[in-house]
Structures are given as C-alpha cells and as structure tokens.
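A single chain, nothing else alongside it, follows as structure tokens in the form predicted alone.
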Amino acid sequence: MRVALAFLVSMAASVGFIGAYQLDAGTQWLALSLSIALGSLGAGLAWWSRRLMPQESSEEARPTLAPPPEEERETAETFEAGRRGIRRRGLLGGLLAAAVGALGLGTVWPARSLGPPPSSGFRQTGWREGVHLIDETGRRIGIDTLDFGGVVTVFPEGRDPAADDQVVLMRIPLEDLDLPEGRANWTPDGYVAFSKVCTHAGCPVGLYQDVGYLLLCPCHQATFDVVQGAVPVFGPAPRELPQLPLRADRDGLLLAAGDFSGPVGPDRWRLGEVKDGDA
C-alpha cells in the first residue's frame, strides 16, 4: 500500500512541478515539488525492493517421501498467494511507469523555454499594410521628419514593442539607391527601412554610417550595405536584413505597405521551418 502511495505522491509532485513552472511560481516551489517527486519515487522503489528481495534466508531438508496432504495444501496456498502477489506487482509496476513518466515530463518541460525567441516563427511580425510608423515616443513619422542622411528607430503603431518589430529608418537620395528588383516603390521620398535585428546573432543593428550608407552591428561587426538592400559586406552575417516596404498617405505620414521581405533574425531562431531558398 505504501509503495503505491509513494508512486502516486511522486506523480502528483511532478505535475505540481509543471504547474509551478507554467505559473512562474519561483524556484522555491520548483525545488520543493521536484524534491518530493524524486524522494517519493526513491522511497517507493526502496520499499518495493525490500518486499521483492527478503533479507533473510532459510533452508529445509528435502523430504525423500511423498509429502503429506497438509503440505500439499500449504504448497497450493503458497502458490495462490504468490499469484496474488504477481497481480499486485503488475499494479505497482504500472504505477512506477506512470511516476517515472510524469517525472520525466516534468524534468524536460523547462526545455520549452529554449524554443524560438520573441515571436511566432519570425515570419510574421507586427507590421501590416496600413500600419503607421511611430518613434519611441509614440509620434507618427511623416515625410518631413528626417533630413537626408537622418536615421531613427521606429515601431508599428498600436502594438506593444517586440524584438522582431524594430526597424531602422533612414532617408537616402533616391538616385543613390540600387535596391533589388521589385522594390522601386518601397522608398517614398527616399525613406528606406530595414529590420534592426542582425541576421547573425540577433543583436540590434544600431550604428549608421551616412558616408557609404552602411549599417553596422556592434556585437560582431557585421556590416550591411543599405543602398544594395542591406546585403552583408563584412562580418559574420549570413544574409541581408529584411526590408520593410513603405508608402505615404495623403497627409504625408509613412505607413507600412506590408510585412518584411523575409524572416527576421538569425536562421537558428526558426529551427524546423523552411529557410530562404529551400522553399
């Protein structure tokens, strides 16, 4: 009875560990529930092993004659008791498997935290057709906000700032731009926007060099050529920064004309998804 109870307590504590983790209850509750799960499982195994392997030995001389009826009856009763014990061991074995399974699930559950960072897949962000560009103060960005050579970090209006929503916005003379085919109408009055998340390690690409139109990542010195579509020209970045298509409304305010041209951030943030060029 106490063996089964120990396995049940271990299962309950493992479930409690998962609940404490989901609710972010703190390390104290995590440690308590995990220690109860492990302790109960260990106690149940110890008690069960003592029943399976008796700690005493005995020997009896083998009779040379046929056993009397009383011994035959006792032997039959012993076999029957053993059969009942086997049935009980089957139940305890099932409880043991369930307890170990629950404990295993509880211990691997925190591995979910190692999944992709901020957004759901980084193929869809907060940018949509018609979303206004705002700066960190919440002010909308208009055609006259920046002079040529100016730069500002912008976010989608109406959305809590997220890592994959950050955009670096620059204003460059149209005649200097040499963007990939199909992006000619993405740069109203010379405004050009790219994701601020480096495609190497996810650091913010926050340094802009107006002379030469270069964006630099301070973490590992990845450098991107803005006028060529933010392609990497130096450092470890494996691909270009995704570009955000822009347009201007009748009031001269800048809006997104859609989502980014590609997935945001490093490729490892999208484990299990189809990468560019594989589709």
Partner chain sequence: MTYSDAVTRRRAARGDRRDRARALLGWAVVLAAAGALLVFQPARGQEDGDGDRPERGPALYQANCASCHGNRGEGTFRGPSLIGVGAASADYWLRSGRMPLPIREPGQEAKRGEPAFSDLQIRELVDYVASLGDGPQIPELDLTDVDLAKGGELYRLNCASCHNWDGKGGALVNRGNAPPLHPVPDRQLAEAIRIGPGAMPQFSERQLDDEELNDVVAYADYLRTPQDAGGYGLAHWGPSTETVAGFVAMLVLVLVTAWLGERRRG
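Only the largest set of C-alpha atoms that superpose within 1.5 Å between the two forms is called the rigid core. Residue numbers count along the first chain shown, from 1. This structure is a prediction, so every number in the text was calculated from the model and none was measured.
Only in words, not in the display: the form predicted in complex with the partner chain, which the text now covers.
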query = For residue 218, is any heavy atom within 4.5 Å of the partner chain in the predicted bound form, or not?
reply = yes
message = Whether residue 249 contacts the partner chain in the predicted bound form should be assessed with a 4.5 Å heavy atom distance threshold; does it?
response = no
inquiry  = Since only the chain is shown here, I'm wondering whether residue 101 would be in contact with the partner chain in the predicted bound form (any heavy atom pair within 4.5 Å).
reply    = no
ask   = Going by a heavy atom distance of 4.5 Å, is residue 225 a contact of the partner chain in the predicted bound form?
value = no
remark   = Near the partner chain in the predicted bound form, with a heavy atom at 4.5 Å or closer, the residues from 138 to 159 are 139, 144, 145, 146, 147, 148, 149, 150, 151, 152, 153
key: residue 41: Cα shift of 2 Å or greater between this form and the one not shown (core-aligned)   = yes
